[in-house]
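Just one chain follows, in the form predicted on its own, and it is written as structure tokens.
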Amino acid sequence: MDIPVDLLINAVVAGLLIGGFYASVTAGISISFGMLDIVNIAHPGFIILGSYIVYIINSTTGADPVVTAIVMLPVFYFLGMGIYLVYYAAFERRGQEALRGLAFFFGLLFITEVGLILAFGVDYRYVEARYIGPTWHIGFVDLPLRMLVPCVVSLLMVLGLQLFLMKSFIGRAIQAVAQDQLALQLLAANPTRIKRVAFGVSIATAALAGAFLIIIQPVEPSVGREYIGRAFAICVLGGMGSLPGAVIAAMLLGVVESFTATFYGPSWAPAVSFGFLLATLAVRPAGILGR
């Protein structure tokens, strides 16, 4: 089958753009799941919560969704710290974080969804911004700004997180806390405090991811469920706790999904992408950049 070059290149570009968005969805899970061993399946719920807060502010004031999300970062950071304090007191301190902790986060996801349904109903909500409609045309390559802006800002966010983890003492402590808490204490760092900060950072990323999501597509309270499996798959595929690996895995998964949707239909995309995940892990069980 002869595939037109322009269609092939546009499929790659579309996959890279959606992969950039997937990176923002996965960044927080890479920190909580990959570095802290906390299986926060409620993370997509916080992303949807961020989408609705952006929607409220955008519809009432006309503020730019990305700028609104940046302003919301401290709020979501302290929300994450508070959630970790509850999680630690109820489960982790008692050594019951495995199954009961998972049920705790499932409950948070359920409460978030039900709360949004009671407040807003099940109708789709969307935002308005000057870059949502237009598309840049470079030769035969199409670059929808509603995809390009989230991709670029998402990559900048992940780059900032990686620099924070590599260059700051707290960042290096976050990477070490799941490996050896005793050694961390010998360096005068409180593991519980480090985890609290790390979990706050992971939830803060949901504010930006929520803004990106509602820019890309209209949202309703349960749409976050679509991203639970995909986000954890990207985290594992990239290598547990590796943000660069998560970006690479997100881009690869985005391209695979784009190719499948373009040439075989969107209904095949999830099956092919997860098949790609299994094939990669069969060759490299630790993930792309796992150690």
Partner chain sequence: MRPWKFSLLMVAAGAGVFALALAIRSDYLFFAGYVVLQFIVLATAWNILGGYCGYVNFGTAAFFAIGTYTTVALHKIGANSGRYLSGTLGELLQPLFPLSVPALVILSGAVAGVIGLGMGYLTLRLRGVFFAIATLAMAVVLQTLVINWEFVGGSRGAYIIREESLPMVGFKLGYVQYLFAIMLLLAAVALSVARLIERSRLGYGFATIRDDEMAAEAAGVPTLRLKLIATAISGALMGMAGAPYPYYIGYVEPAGTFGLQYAVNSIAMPMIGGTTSWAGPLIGAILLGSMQQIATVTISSAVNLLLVGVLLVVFVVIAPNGIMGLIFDWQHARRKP
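Positions refer to the first chain, counted from 1. In this text the structure is predicted, and so the values were computed from the model without any measurement. Take the two forms, superpose them, and find the largest set of C-alpha atoms that agree within 1.5 Å; that set is the rigid core.
Not on display, but discussed next: the form predicted in complex with its partner chain.
- For a residue to qualify, one of its non-hydrogen atoms must sit within 4.5 Å of its partner chain in the predicted bound form; none of I9, R130 and F164 qualifies.
- I228 is the sole member of I53, I228, V256, V66 with a non-hydrogen atom within 4.5 Å of its partner chain in the predicted bound form.
- Only one of L182, A188, L118, I138 lies close to its partner chain in the predicted bound form, with a heavy atom inside 4.5 Å, and it is L118.
- Listed stretches are 53-61, 242-250, 66-74, 39-47; the contact stretch with its partner chain in the predicted bound form is 39-47, by a heavy atom cutoff of 4.5 Å.
- Its partner chain in the predicted bound form is not approached by P4, whose heavy atoms all lie more than 4.5 angstroms from it.
- Not displayed here, its partner chain is approached by I111 to within 4.5 Å at the level of heavy atoms in the predicted bound form.
- Within 4.5 Å of some heavy atom of its partner chain in the predicted bound form lies at least one heavy atom of G107.
- With a 4.5 Å cutoff on heavy atoms, A176 does not count as touching its partner chain in the predicted bound form; it lies far away.
- Residues from 240-279 that approach its partner chain in the predicted bound form with a non-hydrogen atom closer than or equal to 4.5 Å are M240, S267, W268, P270, A271, F274, L277, L278, in the order they occur in the chain.
- When two forms of a protein are overlaid on their rigid core, residues whose CA moves 2 Å or more are considered shifted, and T280 is one of them between this form and the one not shown.
- With a cut-off of 2 Å and the rigid core superposed, A269 has a Cα displacement that reaches or exceeds the cut-off between this form and the one not shown.
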